[in-house]
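Presented below, as structure tokens, is a lone chain in the form predicted alone.
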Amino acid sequence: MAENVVTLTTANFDETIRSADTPVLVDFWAEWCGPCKQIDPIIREIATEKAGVLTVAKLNVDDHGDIAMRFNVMSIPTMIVFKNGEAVGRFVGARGKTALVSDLAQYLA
């Protein structure tokens, strides 16, 4: 993972989300998921461009299905925005960078 992207696991998920000083975008993904691979470079670009304003994290649903189930992630890629430890936004499916940045804007204000 890029240094601007946090790798989440069952062990560090709750602490990472609760202790973040910025909104956290969590990308729920899997190795076999084509659309997940398609948006990965976009997610990483956003992580670099929004460093200090947004924390970007990835959670592999195959390895940490308990977290995916907890947040009712039924299809991937699903991206959930957490603010102050609470899920405040959800985007399902691959999207272009312009659309994702636009979708995120309301949570970064």
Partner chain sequence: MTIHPHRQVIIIGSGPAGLTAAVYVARASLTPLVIEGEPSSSSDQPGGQLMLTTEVENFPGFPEGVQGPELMQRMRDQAARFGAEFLTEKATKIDFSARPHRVWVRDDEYSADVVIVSTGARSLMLGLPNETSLIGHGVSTCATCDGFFFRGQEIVVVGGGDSAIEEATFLTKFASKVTIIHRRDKFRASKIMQERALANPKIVVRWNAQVTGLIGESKLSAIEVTDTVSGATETLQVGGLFVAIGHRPNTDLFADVLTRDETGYLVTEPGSTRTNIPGVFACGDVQDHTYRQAITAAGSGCMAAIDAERWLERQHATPAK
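All figures in this text were calculated on a predicted structure; none of them were measured in a lab. Residue numbers count along the first chain shown, from 1.
What follows is about the form predicted in complex with the partner chain, which we do not show.
- Although the partner is absent here, Glu49 is not a contact residue: none of its heavy atoms lies within 4.5 angstroms of the partner chain in the predicted complex.
- Shown alone here, Thr98 lies within 4.5 Å of the partner chain in the predicted complex, counting heavy atoms only.
- Using a 4.5 Å cutoff between non-hydrogen atoms, Val53 does not count as a contact of the partner chain in the predicted complex.
- The partner chain is not drawn, but in the predicted complex it has a heavy atom within 4.5 Å of Ala94.
- For the options Ala57, Val81, Ile76, Ile43, the residue carrying a heavy atom within 4.5 angstroms of the partner chain in the predicted complex is Ile76.
- No member of the trio Val6, Phe13 and Glu86 reaches the partner chain in the predicted complex with any non-hydrogen atom inside 4.5 Å.
- Residues Trp32, Cys33, Pro35, Gln38, Ile39 of 23 to 40 are found to place at least one heavy atom within 4.5 Å of the partner chain in the predicted complex.
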